[in-house]
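First, one chain by itself: the form predicted alone, in structure tokens.
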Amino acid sequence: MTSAPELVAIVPAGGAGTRLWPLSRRSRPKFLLDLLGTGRTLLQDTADRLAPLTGPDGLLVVTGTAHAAAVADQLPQLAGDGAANLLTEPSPRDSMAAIGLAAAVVEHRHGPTVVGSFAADHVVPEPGGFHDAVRTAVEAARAGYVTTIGIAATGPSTAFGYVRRGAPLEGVPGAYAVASFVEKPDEDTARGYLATGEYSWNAGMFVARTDVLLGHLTRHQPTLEAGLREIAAAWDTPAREEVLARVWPGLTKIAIDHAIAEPVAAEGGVAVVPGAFSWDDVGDWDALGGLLPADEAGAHTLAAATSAGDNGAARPTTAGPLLAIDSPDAVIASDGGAVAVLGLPGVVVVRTGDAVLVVHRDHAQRVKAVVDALAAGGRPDLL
């Protein structure tokens, strides 16, 4: 058993980012893309942001078999001894299985350790406040709490769940008991939440000791916990593939919010650290438009590399000029060829090699309906 870093960061890297279709696909989901035009993908940006908190060996990424090679290409530091810090799941079993597997592997390797789960595809423009919040969450986790980081809401969003803050935690300045988790509300309800000053957005970040997390799982999802422990015990042995193939398909498919956060909060075992930093989950084209700088015409453009190349560097794109005339607040993206928009304020136009999307920013959340229609129409090649 080797010593562990002060914090081990777990990054579940899954999903297809369907609201960013056609750039984000099953084969190249948004976390593998350079969506901000910085030369770094969202996954690489996440790793960069976590590095000051974890040290060189404190990052584990959990991803599906379809994306394992791309993740290893973008984050070669995971490879180590036999890709020790890249955990590949054979099929999606939701967030609890992914996070729980990583926690069980960490504990099997190092003993009880503080771990934190952070999505692969979120954006934090200025990470200093994020680092402060995580360090406070680590202190609360050491005290035995499952700790989430609450995002300061910038408006009454109906796209996120909410966390209600309770009393301050004794001995951990800046942390509070969680009074409750609330599912995505309607707009009027969300306005009421924000008026109280007690609610923040739930971004799905959780920090806990592995023994605490897995102990709660033993009580609330014992079959799932036992299966994850069995897989973790075999992970660094020749028996990994046999055990994984036998046990993984039978694991309960459940989100960590429902498996741990909500029931343990009701018992008084969850804390929240309010996060004083900008954050975005890049949930659709409207959100991405808000992150891209405006050009002289007031449009937001992205000449998009679809993935990263050698050593994780973004591949150059051959996209032609992206022009907006009399189209303020338009969002234009292309991974090849020119796009011109004339007289269409607030429109989104996205061009890829095999698809074009045109939608108004006000309807950006509905792009998933296009993906659903393509799936129903038997076009997996476009998904």
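Since this is a predicted model, take the numbers as computed values, not measurements. One-based numbering along the sequence shown.
Same protein, other form: the form predicted together with another copy of the chain, not shown, and the subject of what follows.
- Taking non-hydrogen atoms only, T352 approaches another copy of the chain to within 4.5 angstroms in the model of the complex.
- For the chain shown alone, L382 is a contact residue for another copy of the chain in the model of the complex, at least one non-hydrogen atom being within 4.5 angstroms.
- Although the partner is absent from this view, L357 contacts another copy of the chain in the model of the complex, with a non-hydrogen atom inside 4.5 angstroms.
- For A16, no non-hydrogen atom is located within 4.5 Å of another copy of the chain in the model of the complex, even though that partner is not displayed.
- If you check another copy of the chain in the model of the complex, you find a heavy atom from every one of G320, I325 and G343 within 4.5 Å.
- Among L36, A68, A51, V347, the residue placing a heavy atom within 4.5 Å of another copy of the chain in the model of the complex is V347.
- Residues from 359-375 that approach another copy of the chain in the model of the complex with a non-hydrogen atom closer than or equal to 4.5 Å are V359, H360, H363, R366, V367, A369, V370, A373, L374, in the order they occur in the chain.
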